[in-house]
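Shown below, as structure tokens, is a lone chain in the form predicted on its own; questions about how it binds or moves come after it.
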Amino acid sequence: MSADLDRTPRNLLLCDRSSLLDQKNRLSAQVQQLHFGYKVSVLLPECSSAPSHLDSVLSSFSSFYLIRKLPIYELLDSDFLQKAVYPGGVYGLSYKTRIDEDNCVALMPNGRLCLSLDKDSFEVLGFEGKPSRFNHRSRSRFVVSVDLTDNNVAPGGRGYLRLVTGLKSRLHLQTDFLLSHHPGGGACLQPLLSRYDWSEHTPEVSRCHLTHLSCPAPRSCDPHSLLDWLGAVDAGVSREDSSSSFLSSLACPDPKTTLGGALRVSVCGLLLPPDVQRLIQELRRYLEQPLLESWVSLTVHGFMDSPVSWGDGEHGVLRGGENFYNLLMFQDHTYQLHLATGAHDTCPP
């Protein structure tokens, strides 16, 4: 066996405990920092079906667009900047590009454009950037980060013309691209969409009712063990620790109880922080009801190959590309927030 495979990859896990009643809690700000979510998983213990108000929120995440072979210089179109980027709330991400091999692009809601480029592409572009912080011994990848709302890159200016010329006349960078806008949907995106082949998509919702589920004590369980358990539940992996099981030797952490049932709901797509915030508010409302169990779990996974993860911080993949957070909420309004990344990632906020 390879020595690399015999070692567990380094990871980073930050834990925050607070109360939603505390005006100084940082939950909202932390949720906003993960711009590009691809999967939201909710676990409701002792629940067979979600109440209508909660189910409505789970089924009403913002739609998004897939634009095929979008030239990236189009994101600097003056009309697109004026109507979509400058007002804020635009989320864009290159689709099916690999952060360790391909050129990757992200457009963030604050108007910042991030290009993660291989060395040859960076040199052809001819625009200021910096070496990736996750280069090993050689500088093989570079990051170009541009605030499109800055006056220095306003249409017609020297910086703007250099970037447009580099993208349009030299690099010719194009990619399939995911695009969404909040609030207001896609009205401000239509002029751009009309020039290319595009399709609109609604996040996919799946539900699964679980029975006889072994469950740890969420308040006292070790965070790493708790996240392992939640991941196993979400993936449908057995947690019985059977000696005859070849696929899994995972066991539910002690002390544990057995739930009669639980509801697992997953939403997949380009998922925006404002929709996650709305879901958190509905989960708070759900916890105000008389329940057999006094907690719920929410996990949000970021895209593995996004060039950014937390805020404007650079993201790399190494082996897993993990960037996610888990929120445990309790009936007394307290919560536990776990923010996790792999080794090639910026520290979560």
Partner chain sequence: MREVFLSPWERHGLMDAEVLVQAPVPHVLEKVLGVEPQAQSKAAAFTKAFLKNSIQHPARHDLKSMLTRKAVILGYIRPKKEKTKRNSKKAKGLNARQKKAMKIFQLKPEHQRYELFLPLQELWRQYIIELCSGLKPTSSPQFVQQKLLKADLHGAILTVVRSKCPSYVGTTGILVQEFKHVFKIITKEDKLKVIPKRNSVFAVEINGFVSHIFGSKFEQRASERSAKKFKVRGTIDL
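If you're wondering where the values come from, they're calculated on a predicted model, not measured in any experiment. Numbering follows the first chain given and starts at 1.
Below: the form predicted in complex with the partner chain, not depicted.
- Residue heavy atoms within 4.5 Å of the partner chain in the predicted complex occur in exactly one stretch of 119-127, 252-260, 195-203, 273-281, and that stretch is 119-127.
- Scanning Arg98, Arg133, His209, Arg170 against the partner chain in the predicted complex with a 4.5 Å heavy atom cut-off leaves one residue, Arg170.
- With the partner omitted here, the residue from Arg219, Arg162, His182, His224 that has a non-hydrogen atom within 4.5 angstroms of the partner chain in the predicted complex is Arg162.
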